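Presented as structure tokens, the chain that follows is alone, the form predicted on its own.
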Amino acid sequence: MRDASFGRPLSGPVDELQAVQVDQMHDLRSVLQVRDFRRLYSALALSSLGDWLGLLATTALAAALSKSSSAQLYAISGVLLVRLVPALVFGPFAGAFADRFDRRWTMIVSDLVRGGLFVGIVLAQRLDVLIVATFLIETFSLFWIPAKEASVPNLLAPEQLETANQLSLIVTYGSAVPAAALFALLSSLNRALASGIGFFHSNPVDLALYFDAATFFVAAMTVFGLTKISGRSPRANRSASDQPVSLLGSIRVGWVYVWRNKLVRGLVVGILGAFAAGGVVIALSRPYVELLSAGNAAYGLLFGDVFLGLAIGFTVGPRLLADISRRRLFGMCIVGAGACVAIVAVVPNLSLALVFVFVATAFAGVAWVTGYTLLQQEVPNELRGRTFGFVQSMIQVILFLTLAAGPALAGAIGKHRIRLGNGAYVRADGITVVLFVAGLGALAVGVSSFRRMDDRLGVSIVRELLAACHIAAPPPPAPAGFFVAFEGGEGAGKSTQIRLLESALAAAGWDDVVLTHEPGSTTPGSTLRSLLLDPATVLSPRAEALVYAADRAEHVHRVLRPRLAEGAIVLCDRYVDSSLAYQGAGREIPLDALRRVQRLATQGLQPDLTILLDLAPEIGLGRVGANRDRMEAQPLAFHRAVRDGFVALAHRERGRYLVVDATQSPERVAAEVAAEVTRRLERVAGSRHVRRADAAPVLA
């Protein structure tokens, strides 16, 4: 375990959890030492306390203002429903507003208006006023949230954002507990005052509402001194042609950015998919408990289990998994949460359900912190408000839909069992089916997000997880540049396609493209190449494999690693897979033995993308002609085995391979290759040092 700040091993008998706590306390202190963030955090705490206290007080007042029990239920339902409606109407405008106008004043005015509306609720004592005021309070909350989220990166260093988001989520959701205790205390005080003062007798929750208003007024005063969070950018109000953009146009720009940026789109889809599954779980939690033949006590345990899992995910999870790429971790956690929800749907008893609910919500907590942090880091300041406004409004919409649709779908399916004989059966009731489908849906979304955002192509996920848990050695770090290997049989057109790709990349602005080949790209390698390709050379299969490995070891040491470290895009004609195909499939040397030799030669360096130009050997050898080197002169059966070897490798590692039909025209092959290389380059550019002609190096 290492100290996150100083990079040295922690001394003494400190176990893993203690080490996590040491690192975390250091990070918390460093973030809270930033005065402006500390003040913004205080404002968030007050506003969050006011939100929760307001929810309790307004629903209680709605019940108090209604005469019958059914009217009370309708009134409470109306208050809860109207809290979700503003997101449907004003969500997009709130994000654009945060980008176009002063964020500090947006937060101040929102807090002042919310405090004033709570005072108005007290003075009016009418249900219609309560409903309208609740709608307006939620509307101004909708403007407050993206302004706050977009402001945090302006106060902290990028490496502090994850800790800041942990703190924000803890206070946002953790303040529900003190709000509940405070509401109970104020209600008790209100009852005590009611015995001597008639005002408090006729207005049982007014004290809580006044206190609620005060939290927003104090929060506004706290934000007033934070001049650094203005965040207004002139670029947010102008188009690419430097013309002013309308509010609707500004919203469109934000949505187009989310859609076109693959990383941001993956983050947004992942966050929304996770919330959709969470909404279904929340909506079905009470009938699910009854399905397991448990009662209110079990429901309370399940509810507490959800918040406990989230709390652990928020606080401990990111530190325990600190060595895993954050882009990978986000998708992996959504996959884990979805899988656990699917398991929860089918477990037979409450004890197992509590275990898997805890794990699912812990995964969700880690994904939430990680997703928000990546959004803050990746989205430029002038688009940050719109992005967070879009995410926040879509979360509300999805929660609204899932809370309504989940129970309805479960009810429509009804209660069913599939009998298996001997008294055994499988549950097929609506609750089980809807929860199971929701879990699978979240799992699919997590896989999709992972594929869009994976910045360590070719690095084993299992190995990275084992390394994070200190069970295995960490995988080698991903190279700084971008490594493309071209593979294929004789006459497939590798040299031609490498030159065409170099031209396409140069035209697209990538200015440091290196062309290399095996064997023979180094001074010792040129000697080895002459030996390997000379038709007069006689070598045993194993000797041939070792000579190729020797050339490759020198090539990696002298050319590949140094140029990748400089941020170059390296295009290599043949690499490890040629040895696996030619000496493995062709010479019938066991692949395990070959792989051990190649790991020694390459020190684990793998291509980001391997392009296989697939061509029947009869066609390829016809292109070569009569003047053939030692490898080209091998029998046709050998070349057929080589082709089969390449195809098998590509099938086994589909994520690393692009297989192209090399019988097409060179131009069509080049277009297909350039499109895939460009797509993958854009996918990793945010986390690699990759040089471009039209911009400074892109750094993680």
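The structure displayed is predicted, hence computed values, not measured ones. One rule holds for the numbers: they count along the sequence shown, beginning at 1. Each form is matched to the other, and the largest set of C-alpha atoms that superpose within 1.5 Å is called the rigid core.
Another form, the form predicted in complex with thymidine-5'-phosphate (TMP), is not on view; read the next lines as being about it.
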query: Contact assignment for thymidine-5'-phosphate (TMP) in the predicted bound form, among 319, 574, 328, 563, heavy atom within 4.5 Å; finding: 574
query: In the predicted bound form, the one of 631, 64, 34, 647 near thymidine-5'-phosphate (TMP) [non-hydrogen atom within 4.5 angstroms]; finding: 631
query: Interface segment, criterion being heavy atoms within 4.5 Å of thymidine-5'-phosphate (TMP) in the predicted bound form, picked from 408 to 416, 577 to 585, 353 to 361, 282 to 290; finding: 577 to 585
query: Interface membership of residue 533, thymidine-5'-phosphate (TMP) in the predicted bound form, 4.5 Å heavy atom rule; finding: yes
query: Any non-hydrogen atom of residue 529 within 4.5 angstroms of thymidine-5'-phosphate (TMP) in the predicted bound form; finding: yes
query: is_contact(residue 548, thymidine-5'-phosphate (TMP)) in the predicted bound form, heavy atom dist at most 4.5 Å; finding: yes
query: Proximity of residue 494 to thymidine-5'-phosphate (TMP) in the predicted bound form, heavy atoms at 4.5 Å; finding: yes
query: Residues within stretch 488 to 524 having a non-hydrogen atom within 4.5 Å of thymidine-5'-phosphate (TMP) in the predicted bound form; finding: 490, 494, 518, 519
query: Residue shift check between the shown form and the other one, rigid core fit, residue 280 Cα at least 2 Å; finding: no
query: Residue 495 C-alpha shift between the shown form and the other one of 2 Å or more, rigid core reference; finding: yes
query: Residue 125: Cα shift of 2 Å or greater between the shown form and the other one (core-aligned); finding: no
